[in-house]
Each structure stands twice: as C-alpha cells, then as structure tokens.
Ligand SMILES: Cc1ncc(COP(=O)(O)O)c(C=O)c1O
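Before any questions on how it binds or moves, here is one chain, the form predicted alone, in structure tokens.
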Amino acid sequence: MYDFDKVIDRRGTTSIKWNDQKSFGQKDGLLPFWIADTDFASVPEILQAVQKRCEHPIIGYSNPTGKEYEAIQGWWERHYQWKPDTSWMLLSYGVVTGIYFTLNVTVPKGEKVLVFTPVYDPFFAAVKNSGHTLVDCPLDYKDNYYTINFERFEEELKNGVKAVVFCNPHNPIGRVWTEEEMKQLVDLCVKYDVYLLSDEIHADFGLTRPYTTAGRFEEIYPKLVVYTAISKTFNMAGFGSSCMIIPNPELKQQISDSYDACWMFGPSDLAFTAIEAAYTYGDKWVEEQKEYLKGNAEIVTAYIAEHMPKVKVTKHEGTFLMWLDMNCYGLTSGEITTILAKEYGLALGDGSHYGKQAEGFMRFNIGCARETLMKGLLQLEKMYEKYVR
C-alpha cells in the first residue's frame, strides 16, 4: 500500500503551486488547490530509476532507446485495450506545445479550430497563437452535469471547422466521455473531414466510468493525434515530457519536421528514463491513487452538500480537478478568487479562465492528502458562512 495520506512539505522547492502565487496577490503562503499537479510522492521505482541514471556523470543530448515506446505501448494495451504501434509515437516537451505544432502543420492560418467550453484555458492560446480562428462550442449544462450538444457541434462543422481540440477526460468539468459519445464525435469528424486532436493527458483518471480513447476508432486515423504524458498520472510535470500518438505516418513526419525546424529536440535523457519506469512499474500505484482520489471526490461532494448546500458540485467522473458552481455568492470568479486568497488563505482556479459561460465557477484540485483537503474545505465553509448564509 502506498501512503497518499502523507503530507509532504513542498515549500522551498521550485514548486509553482506552493511558491509562486503572485497571481493571487501574494508571493506565497496560500493553501493551494489551483495548478494541476498533485501533492503525492511519485512512484518509488521512477525516482530510483532517475537516481540510478544520475550515477553516470554525463547527461548530454539524447535520443530515446525504444524501450520508452514499448513501455507506453504496454500501458495502453493493459489498461485501455488499445495497442498503438511504437512507430506512431513522437516524444515531445508538453501536450500544449504538441497541439500548437500540430495546428501549424494541419490547418491553414486563419481557418477555424473548435473547442468545447468550459475547457483547459491553454487551448485558447494554442489556437490563437498559431494563427487560427477559435470557435467556441459550449457544452450543455443541466442538473450539475455537462454534455455535448451534437446538433450545435455539427452546425459548426458545416460552417467550416478544420480541427477539433478535444479534452478526454475533460478538464475542468470532470467528465469522462462515454464510448457512445466518442463514437458520435468521431463519426462527425470523419463525415466533415476534420482533424481530431485529442488531449488525453488525464486518461488514467477515469474514476467512476471506463475511459475510452479516441485511438479505439480506426476510421479517424488519417486525421488523429492523441496526446498523453507522465505529468498528471505520475505527478511528474517537472520533466516536461509527453507523447503524441499519430497513426498517419505522413502527418507524424510533418509534425516532427515542424519541431526540427524550430530546433526543439527532446525531452531530456532523464525524462526518457522516467517514462520507461513509469509505464513499466506504475500500475499498482496508479490504481491506488485513483481509489484515493475517488474517496477525496466523495468527501468534497458530501461536505459541500452538508455545509455549503447552495454551492453546486458538478458530477465528478474523472481527473483530480473538481468543478464548483459558486454562483450563489453573486460574485464573479475573479472576486471569489481574490476573497479566498486575501481573507481565507486559499488559492483556487478562477473558473472564468475556462470560458465565458464559466463565470461564477471555480476549479478545485483534490490531488492532496485528506488532511490538506479538509483544511481547504473548512476555509471554504467559513467564506460561505459570511457571504451566503
């Protein structure tokens, strides 16, 4: 058994989450539930493998050995019944960077790229900064639950969308899209000859239902890129390592050439070591982490229902990020963020960053020890007592 209850002091490290809180009006000192890394000690075998690699006194420019790809392939086959060919894989620095470079080579400048909102806010930057036109396709929200409005989606595709940047499981709303939803999405992308860029970095956090990768649908392979990484699953964000899975060899070569043209090589040798170890030895750790997070989500849902009943908790299916509807405060997300920081010592994610229809919502990172989680909930309750009751 791994000890996810252990509180690990990250202050004094280079942690953005704990030590860089300028956006909240403070240098540090807040109890953080915002940026998406967890406070769990990573898989011991990963750390041991990296330490062993550091016994060699030279860490220079490096290429993967091939074992990394085999480990990634094995992980997907064991957990998601999909065996991507190792020749489809391209290691890179990060998922958002990968999306940016993919858009550069797949969609002409100025053309339309669609996202389902509310969604992870760097998607907006990746689309706009790569010179494309952002199409905001809002998800339907009813009874604390989000669904895709497929009629609205198809209308946007008819109007000339060239690519869809998709999030599965979905950050920040915690949806794990069903197999039926994925099939409908894929069918429409195929019908309208649209690229599907599927960010599946939270793949290993399907908590209450099985997760279905876009990679299961061969009909979309000519225009599919699946993005994944060790960063969320194994709490290894500091390595800046990710993997693109690109079944179309011509598309893969185009993306690879685009990286090379910018002299972006990598990840580092240590990242290669971490990737191989994570996907080789991390199974039991990940399963235990999922159970712990499922328990955290249940605690949050029950506590808010009892102590802050006017706050609505979006039904949580996956990720370690919960989505709270705090419109009962009659405040903007920015105002809630400021009050929580200045009066209650908490740092939560400002919901308005994830889309214009997300005003009054907040993102709450539950990837922490129960002791830390309860401290945060108690402070949230104090704010509720003052501003709502």
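Quantities reported herein were computed from a predicted structural model and do not represent experimental measurements. Each residue number is its position in the shown sequence, starting from 1.
As for the form predicted in complex with the ligand, it is not shown, yet the points below apply to it.
The contact with the ligand in the model of the complex, taken as any heavy atom within 4.5 Å, belongs to Cys167 out of Leu196, Ile304, Cys167, Ala297. Only one of the listed residues (Ala36, Leu31, Val50, Leu331) places a non-hydrogen atom within 4.5 angstroms of the ligand in the model of the complex, and that residue is Ala36. Residue contact with the ligand in the model of the complex: Val96 places a heavy atom within 4.5 Å of it. Although the partner is absent here, Ile245 sits far enough away that none of its heavy atoms falls within 4.5 Å of the ligand in the model of the complex. In the model of the complex, the ligand sits beyond 4.5 Å of every heavy atom of Arg175. With a 4.5 Å cutoff on heavy atoms, Ile201 counts as touching the ligand in the model of the complex.
Comment: 201 to 209 is the region of 201 to 209, 246 to 254, 273 to 281, 176 to 184 lying near the ligand in the model of the complex, near meaning a non-hydrogen atom within 4.5 Å.
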